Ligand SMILES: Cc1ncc(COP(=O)(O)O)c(C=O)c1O
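Listed next as structure tokens is one chain, alone, in the form predicted alone.
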């Protein structure tokens, strides 16, 4: 069994619990050293897109490591990186022509924001320094990415080190007071923020095309990103689509932004796209920043010799080989199409949690698209009133689910910055219909456990 934090030399992220020791993974399941099986309903951290234990990917990693494991990306290129860049550009919307590879989603976001800033400086507009992001929202843990994230518990600690990022309300249908007419839902909030800041001072707007854990898979209105693109074009602001969590097939499209088109039905092309998680499937640390040709051309002309963002493990051959193998596995097994096909079943089974089981009253909303879904928990469904944070409802649910052999991803604070409880459901794209049914039953029973706990506390 896993050692308690004080009995191990590992500096665990969570220090208030003993962690099971996982020894094997297969498909959507993980197994600990005591033989207990866990259904991984969130792919770890929404990462294990192709499932656990895929031999083809492991073999690709070993083969590349035996040839050449590392090169300095400022001095050499390598075959896996060139091939992965070609593959991603072929999949990208028109205009996206270049790929830069890093090791994590946070690094990709950091690189994207730095590229946006340097692009404006190179074009003679150094006054463009402001980034606009959304709340609730999350883009990473490095300091610039964290500055663009709306996570109050992090900001309480690190606020003196963070830069000024202007926040607008995220499109969050469940909690949009004026529904689709609210500025957050129409895109008007973005334009108002740009005008208030001074249009010539704004460098970039960054957003997850479909909400991640911070809004529990909230899907914006169909016209939202066409409006965003139009606003960004009018004011000379770069649009960064953060697809680290929602990209690479998770929503039933390769890019989540593909769910949105302009009034003519044409695809919407951001200026920069960030990828991670599903791109590597959890097999290696790998992320990507994809950019328009025009941004690359500005860096090419720079007196600085290129983008001023360096990472020791950028353009890593073994990581790129793993990414290629992951893409190949996704395509050969039609996992993007599978996510689109099985998404309605997942949402239907989760939606039934609002009506069935002793914990049904805890569920305020179920939403999502493809194999990305959020289950929001509330103290009162009619008023959408969240539970007070002190009850730690989602932590109780996570523990109850783990005890039953189900892994879910918790989030807090989305309702008002402090209160709010939800779980994100994002199983590996290889999940079967029967496993979706199993997932829903385990979650239903776990909700019942939590309902009993809360009732006992209040009695």
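Quantities reported herein were computed from a predicted structural model and do not represent experimental measurements. Numbering follows the first chain given and starts at 1.
Omitted here: the form predicted in complex with the ligand. The next part is about that form.
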(request) Check each of 73, 343, 317, 140 and return the one that places a heavy atom within 4.5 angstroms of the ligand in the model of the complex. (result) 140
(request) Note which of 131, 109, 257, 218 lies within 4.5 Å of the ligand in the model of the complex, where distance is taken over heavy atoms; exactly one does. (result) 109
(request) With the ligand left out here, work out from 360-368, 257-265, 373-381, 241-249 which stretch has heavy atoms within 4.5 Å of it in the model of the complex. (result) 241-249
(message) Taking the ligand in the model of the complex, would 175, 386 and 421 all count as contacting it (heavy atom within 4.5 Å)?
(response) no
(request) Indicate whether the ligand has at least one heavy atom within 4.5 Å of a heavy atom of residue 104 in the model of the complex. (result) yes
(message) Would you classify residue 271 as touching the ligand in the model of the complex, given a 4.5 Å non-hydrogen atom cut-off?
(response) no
(message) Residue by residue through 205-230, which ones have a non-hydrogen atom no more than 4.5 angstroms from the ligand in the model of the complex?
(response) 208
